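Only one chain is included here, represented as structure tokens and corresponding to the form predicted alone.
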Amino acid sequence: MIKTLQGSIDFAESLRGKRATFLLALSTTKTVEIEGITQAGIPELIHLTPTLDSEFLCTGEVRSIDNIATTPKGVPTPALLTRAVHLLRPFGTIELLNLGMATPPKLDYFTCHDFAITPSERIDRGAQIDALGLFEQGVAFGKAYEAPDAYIILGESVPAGTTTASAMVEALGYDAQAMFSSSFREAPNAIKEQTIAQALKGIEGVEDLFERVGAVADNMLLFNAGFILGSSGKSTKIVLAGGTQMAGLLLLVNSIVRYMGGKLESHNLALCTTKWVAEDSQSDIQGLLRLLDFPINAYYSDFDFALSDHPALKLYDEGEAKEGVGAGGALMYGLLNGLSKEAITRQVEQFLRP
């Protein structure tokens, strides 16, 4: 039930039966303030989405509001999928990366790495990120971090993150228009295109790579580009759990390696997303991955909600939400550790019972 998008199935099979450390990268970009650009959370409270996702993943509860976060159409957070897998086949460890949340999660006993990073600004007004400094923080963390388990799954919760990733990839000079997915079934292309065009206008004439992406990207992308490069000399495998945002992250790594005249050894790096992203007609994750200079193993978890009658979950199969909170990588982890589609489905349904 693990399907190959690119590369060899051998990487995924080498992880079968092994425990993973789940790292969840959390940040807020004030790009979420642009009306209609994302539905990754509750209207007026979208800045809390990373906070709520991390609370629910770790404890099965949301503590900063009363109920599980859903979109205006009633689509529940993909954190339900990641939590379901964790309950049925626990990750060895869950750790959080606070890369600029508006509100820290209300959690005890869970490791939350804090880097004193503030939320980034709206990209249409300039994100105002110290990109080189943030990247260097990521490199330092990657070099120092020792995962307590066999491999790392790196997920993210960044509302409006596909918009910032798309703007960043265009700023880096890749021809990737219309390749990025959306939390909406029908992507708000006019809003996104207008936002990205305004963001790119603000960096006209700027040549320095880090200055360019510091104006149009988000904290998660810049820090984790550093984390990947800082970790690259180690033997620990890293699975990027996400869709087109994580493909955008790889393109940032690609550009930085070019810019610095280096080379990335990518055999310990892979990407895994959901079936909903892999089969999305409005985006093209394979097209993004083909733009890389280095080889990458990429997969998707062949999971959907065909076994469920719950109307909120059926919205996933209709193209809403698609990915987030490491859902694709978590599903791969569960499937490689003996979970069935039915078991995961029933556990997710349990969360939605009144």
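The model shown is predicted, which means the values in this text are computed figures rather than measured ones. Start at 1 with the first residue shown and count on from there.
Absent from the display: the form predicted together with another copy of the chain. The rest refers to it.
The partner is absent here, but in the predicted bound form a heavy atom of H267, alone among K143, H267, R125, R258, sits within 4.5 Å of another copy of the chain. In the predicted bound form, at least one heavy atom of K237 sits within 4.5 Å of a heavy atom of another copy of the chain. Using a 4.5 angstroms threshold between heavy atoms, L336 counts as touching another copy of the chain in the predicted bound form. Contact check for E342: no non-hydrogen atom falls within 4.5 Å of another copy of the chain in the predicted bound form. At a distance threshold of 4.5 angstroms between non-hydrogen atoms, K18 is in contact with another copy of the chain in the predicted bound form.
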